[in-house]
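The data below hold one chain only, encoded as structure tokens and taken in the form predicted alone.
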Amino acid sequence: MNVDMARRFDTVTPGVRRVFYAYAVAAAVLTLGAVLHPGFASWTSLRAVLVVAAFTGFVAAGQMLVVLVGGIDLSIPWVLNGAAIVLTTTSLGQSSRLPMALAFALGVGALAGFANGMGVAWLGVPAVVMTLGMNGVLQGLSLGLSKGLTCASCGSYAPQPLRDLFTGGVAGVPAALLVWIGVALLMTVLLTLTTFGRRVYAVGVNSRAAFLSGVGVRGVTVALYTLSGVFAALAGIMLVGYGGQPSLGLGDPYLFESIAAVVVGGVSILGGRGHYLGVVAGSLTLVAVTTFLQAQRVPEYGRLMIYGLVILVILFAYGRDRSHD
């Protein structure tokens, strides 16, 4: 019976197997934490893990889209930070100005992503160079807008309705988690049930063949980078709503975390393979590992080393799985 189940598992597509592996790792980390620290599995602890993982998951959604076509977005930190600062400096903490502030903040993300996509798709600038340059531009603009001060010093805060939304929830479920569920459904439908999703995978597998098949490769690439910017801006808006105000460097941790969540979630860094459900598991795994190590009171340098080793072990396992495909 076990042999038969193993044979059936081997017939599952590599992408689905990687999603299974990602969730298995997340479950293993959470189980280990529950065994060593009984409070680790409490709803309060799990709620905190899920909320923090949700923010990583928002950013990783955009990162996944560009990785699927063999790209990468290094402008995420200051797209996120810039959108957060634009939101607070535009709204000035006033509820009446919230709709306009939200539009401006999302517009910052869309405009930055669109510029990245145009540079990569139409000007032929390597994605690493284009997005890193955009990150520097947005950093300078953000510092100029905030005059190099924290937003507490500027007196800019998130409007109260936004703060109430993201510090509250529905039936005990955090609002950030509910939005993340919505993003997961949107990404799954977009990539698996639409013509656009099939074009994304086609471009990622072989952009030349996709072009010869009539796919607008440049248009798809621009759209994906634009969406990446929008997701980063959304994360910035939600972080401001959750924390009350932005701070300089707010988005810095999310560059590494977004890339790590994507690759741990089983998305091929070369493009053309991966599912957002795996990225959800990757986000949970990263946050669970960090939380577990903090509960163990592991020093910062030790956490960084173990964090990196866990990622490398998972990637090594994926590499062996791919070699057997």
Partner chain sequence: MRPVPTRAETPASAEVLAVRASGVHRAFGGVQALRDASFAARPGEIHALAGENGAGKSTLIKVLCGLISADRGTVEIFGQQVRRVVEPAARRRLGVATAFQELSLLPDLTVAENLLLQDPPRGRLGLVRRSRLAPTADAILRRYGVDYIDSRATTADLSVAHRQIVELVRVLAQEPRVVILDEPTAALPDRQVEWLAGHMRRLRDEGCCVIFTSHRWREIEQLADRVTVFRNGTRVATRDRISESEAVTLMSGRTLEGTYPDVAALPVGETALRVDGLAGGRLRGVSFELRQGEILGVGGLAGQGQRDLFLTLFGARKAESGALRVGGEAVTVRRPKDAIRAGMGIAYVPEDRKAEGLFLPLSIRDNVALATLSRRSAAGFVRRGAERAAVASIGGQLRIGGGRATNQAVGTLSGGNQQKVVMARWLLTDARVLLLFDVTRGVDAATKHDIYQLVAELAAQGKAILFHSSETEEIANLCHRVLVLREGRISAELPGPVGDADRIVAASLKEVGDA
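Treat the numbers as computed from the prediction; the structure is a model and nothing was measured. Positions refer to the first chain, counted from 1.
Only in words, not in the display: the form predicted together with the partner chain, which the text now covers.
With the partner left out here, the partner chain still marks one of 213-221, 160-168, 176-184, 87-95 in the predicted complex; by a 4.5 Å heavy atom cut-off that stretch is 213-221. Among heavy atoms of Ala202, some come within 4.5 Å of the partner chain in the predicted complex. In the predicted complex, the partner chain sits within 4.5 Å of a heavy atom of Leu193. Contact annotation for Ala209: at least one heavy atom lies within 4.5 Å of the partner chain in the predicted complex. In the predicted complex, the partner chain sits within 4.5 Å of a heavy atom belonging to Val189.
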